[in-house]
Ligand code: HAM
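One chain follows as structure tokens, the form predicted alone.
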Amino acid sequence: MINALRGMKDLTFEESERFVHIVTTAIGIAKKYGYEYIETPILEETKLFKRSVGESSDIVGKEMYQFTDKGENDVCMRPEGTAGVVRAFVQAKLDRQQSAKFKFYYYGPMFRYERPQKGRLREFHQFGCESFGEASVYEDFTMIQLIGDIFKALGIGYNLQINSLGCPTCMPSYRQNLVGFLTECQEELCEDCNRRIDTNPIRVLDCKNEKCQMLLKDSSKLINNLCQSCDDDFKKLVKLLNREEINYEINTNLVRGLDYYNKTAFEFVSNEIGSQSAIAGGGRYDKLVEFLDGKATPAVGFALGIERILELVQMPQIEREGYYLGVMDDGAIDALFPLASRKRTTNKVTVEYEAKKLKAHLKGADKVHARYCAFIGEDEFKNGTIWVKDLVSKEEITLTQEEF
């Protein structure tokens, strides 16, 4: 027997229903906020992610499904969604439209070669939104509202964590101070943190090693070293959250795992899925369009992990809909198909091909959550009629097939 690869998983039955419910719910809410659908390729040039996510990141350094294709191109399976959307934005020259604002949502599979665990697979799915052309912190706040609305609709509880990552004005001096601090305690830091001191010291703040976290308690915090513009924006975001009574926590070590973020960073976390508690995250990335050869464009976005929340979703009660058609005699089956074809123009229809007793057909109708069970028995077959039962009201009626 051939099994799915490690870290790759089939979605079937109840899980697939939950998956569809998550995606359709998220799409519906994103549309209410003015977002339009975008689809980008699963396969991209590797340099796209090296330039956007950052060569020093774990994603690029350790986790990408990267290979040389038959045309000798260096390509990889996309490890995240934002870079591809930005590439499409620049390729379509949308960055050249003055004062234009664009909002896109996407969903689909992403790929990272890492150790599979609960809620984290090598092929996983994300739903995300990207907003281009709006520099105001009000857009950051509105995106947080959007995510909150999605989780509220799905019945998922969460804690919101926020931070500011500064900008090119305030980040360099803070980075220099942090490198000095880390160098002094370098021997006590883990191997990954030692490597990051030279490549991306800010990522040290996000280290999960308990000893490293204890050492970092004494380091200076970026949030206390912001320039006036970044400080004003962060205080405005806090004010908006307070005004709307949205609970949050300021996490000074929240840096996100991707190099392209600046200013606002946020994560939605859950205590119900084990150690991997982040269920959605994002922030502002005002320089990424420029990094990918576009015209400087402010942007903010997020992604939520669908596998992370599958078990947390409260599914709505399934409402009965459509028709189940069955017969008692094999000779009557052909009569069902013209009836089914007409009903399918406006309804969901399930046809049972095997002749069965009425009781068995009623069970079949229950199984597919049909509203009506329509049945041709011996008498109905002779008379050209069909028996119909409303499985909600329990009303029964016999109609001619034309009336049906």
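All values reported here derive from a predicted model rather than from experimental measurement. Residue indices: 1-based, along the sequence shown.
In what follows, reference is made to the form predicted together with histidyl-adenosine monophosphate, a form of this protein that is not presented.
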Heavy atoms within 4.5 Å of histidyl-adenosine monophosphate in the predicted complex: which stretch among 79-87, 230-238, 160-168, 179-187?
79-87
Exactly one residue in P298, P201, G148, G281 has a non-hydrogen atom within 4.5 Å of histidyl-adenosine monophosphate in the predicted complex; which is it?
G281
Of these, Q126, N251, S219, N262, which has a heavy atom no more than 4.5 Å from histidyl-adenosine monophosphate in the predicted complex?
Q126
Answer with yes or no whether R308 is in contact with histidyl-adenosine monophosphate in the predicted complex, where contact means some heavy atom within 4.5 Å.
yes
Residue-level contact is defined here as any heavy atom of the residue lying within 4.5 Å of histidyl-adenosine monophosphate in the predicted complex; does E130 satisfy this criterion?
yes
Exercise: F302 in contact with histidyl-adenosine monophosphate in the predicted complex, heavy atom 4.5 Å
yes
Is there any non-hydrogen atom of D74 lying within 4.5 Å of histidyl-adenosine monophosphate in the predicted complex?
no
histidyl-adenosine monophosphate in the predicted complex: within 4.5 Å of a heavy atom of each of Y106, R112 and L121?
yes
